[in-house]
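What follows is a single chain, given as structure tokens, in the form predicted alone.
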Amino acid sequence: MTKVLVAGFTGAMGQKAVHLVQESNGYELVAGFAAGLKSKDPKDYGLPAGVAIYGDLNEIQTDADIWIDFTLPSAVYANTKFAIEQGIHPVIGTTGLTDEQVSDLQSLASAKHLGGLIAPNFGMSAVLLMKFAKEAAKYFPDVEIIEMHHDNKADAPSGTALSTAKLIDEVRPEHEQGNPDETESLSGVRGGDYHGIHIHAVRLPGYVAHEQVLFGGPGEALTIRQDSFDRQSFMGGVKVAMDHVLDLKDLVVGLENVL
């Protein structure tokens, strides 16, 4: 049995991950971690006896093989670093890591000869959107991104939107987009700017996770859109990551690395 710890197991995504592990053949949920928990009794969280419960990162002692993380942007770096230091393969679904932090974690994982996965999005539609957007950007260099999420999302822009911009930037010809003399009568109205690619973040109740990539050219436009209506849609990608992470030799970014 492959042993799994779920960090953030009391949250919406963490609960989905817990159920996924419990329902998957060949996997065993051995621990749950959520910062600040008072009770260490698994029954208080609807978990079977024998599942270790931790409320402090420094208290964790586990023989888990995989660390699934759906916590907070402010905690994900420390969590991932801890997992790697303990020899646990990380599967990270929490967004908010900076490029510098990812580089540091990759260096640490390499030194430990440990594979892992950081996924901006576990939804297949989002992975395909990023793939299609990168391809389209070779022909439509003028592009903007709109991402829409529920109003409780802790970070902006979304990891998926930022990853989309980075992938587009890899192939997008350098050029000036828009009016060079543009002014804003309302500060920030044009959104964030990643190497000339504007990213707009929407936060509203009723939404889950959605993204549009808008391309414009002379006399035509192309829109690529994906919609995640239920968090359960991410679990297929998490299962793929669980099935392949032990075979990885490095800490990689993007679910496409294990598809």
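Position 1 is the first residue in the sequence shown; the rest follow in order. Worth saying up front: this structure is predicted, and the values here are computed from it rather than measured.
Below, we turn to the form predicted together with a small molecule, even though it does not appear here.
Segments offered: 158-166, 81-89, 180-188, 106-114. Contacting the small molecule in the predicted complex at heavy atom distances within 4.5 Å is 158-166. Among heavy atoms of residue 209, some come within 4.5 Å of the small molecule in the predicted complex. The closest non-hydrogen atom of residue 150 lies within 4.5 Å of the small molecule in the predicted complex.
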